[in-house]
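A single chain comes next, written as structure tokens; it is the form predicted alone.
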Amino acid sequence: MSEYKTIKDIELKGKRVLIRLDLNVPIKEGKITDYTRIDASLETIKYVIDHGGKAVLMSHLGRPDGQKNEKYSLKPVALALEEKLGVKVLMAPDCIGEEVEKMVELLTDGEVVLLENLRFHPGEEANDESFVSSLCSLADVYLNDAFGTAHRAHASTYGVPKRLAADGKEIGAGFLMDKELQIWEPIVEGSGNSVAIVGGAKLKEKMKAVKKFVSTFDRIITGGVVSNVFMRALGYTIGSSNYLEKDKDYTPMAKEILDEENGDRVIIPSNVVCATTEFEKKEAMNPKEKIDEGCISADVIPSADDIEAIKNASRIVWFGPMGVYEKGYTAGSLALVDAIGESKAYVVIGGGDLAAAAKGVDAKISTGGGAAIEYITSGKLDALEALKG
């Protein structure tokens, strides 16, 4: 932590403070449906405003593939920020260009402007030098408060802080970034009985996590699409259950993990709730018995041994739901919540999707599932490396 400056180490008054935030919130019919990431950004923005900085906010939203697309505009986010901050939030027409530069130049101390979606330009994800230069022209100070994107070496998370530091300008971490590192430190450095719960559907990150966790956690409970991959690797007939991500088959990787020295630490489901592909509930069953074609594993119910391991653990991490949570298959995830409630473990839940389910439980909530997995598995994050200057 001492390798990086934080927001409190930097003089902000009168300076254009370019802040990378994670405002990638779900929007349906123009309305935000979950404000978790916006709420997480407020502390840093308020601090900049209160200390006389000119807050220049930037973020991505969705995957517009380098093209301007009104569907992915940050305009609803600007309105939400304005309401929550209690100050006017100007909405820029773009994130780079002469009009944006003039808009930022005219800011007075304590004013706020939100740049339009960074991913409207291919230069963001490509970390393009020209795009980096354009963003740097908007900054006297740079802060990264987007832990959820800290594992990506994009222009706004990597190229910009590297360039600004080389030019002698101050860079640092915002409150959220600093908080996230403190949240994960006891997991990375801790000892004692440990349980990792890995569910959800993002296989690239989750399978990498399981591979690492077999040597660092005592028990890995699988759910969601992750469990489908391991069931298929063992030769189970899983019907129409998904085990792919972008057509990539992760079952060979699952077999390798299971064949490793500690592969038996990976727990394969013994009780799943089956449903049709239209998510109509059918029955609970042991997946060893065969899931029929046209049916899927819609939820994974933890075993008695899983529940006992959670109650006796000293460290627990949880990434992703056990079932198709958004379709009402919540029983498996809620059973884990109940068990965690009876545990004295230090618990971190990675990713905002499970935050609502875990309310009332003594657990730390991390805003970045993918970034957290990368941090645990490699000990590094591209964005944090950039903050070294």
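Worth saying up front: this structure is predicted, and the values here are computed from it rather than measured. Residue positions are given as counts along the sequence shown, with the first one as 1.
Missing here is the form predicted in complex with a small molecule; even so, the following discussion is about that form.
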item	value
Listed residue that, although the small molecule is not shown, lies within 4.5 Å of it in the predicted complex (heavy atoms), from K179, R315, K202, R265	K202
Interface residue in the predicted complex among K28, K359, K344, R63, criterion: non-hydrogen atom within 4.5 angstroms of the small molecule	R63
Proximity to the small molecule in the predicted complex (heavy atom, within 4.5 Å), stretch among 255 to 263, 148 to 156, 129 to 137, 171 to 179	148 to 156
H121: touches the small molecule in the predicted complex, heavy atom cutoff 4.5 angstroms	no
4.5 angstroms heavy atom contact with the small molecule in the predicted complex for R37	yes
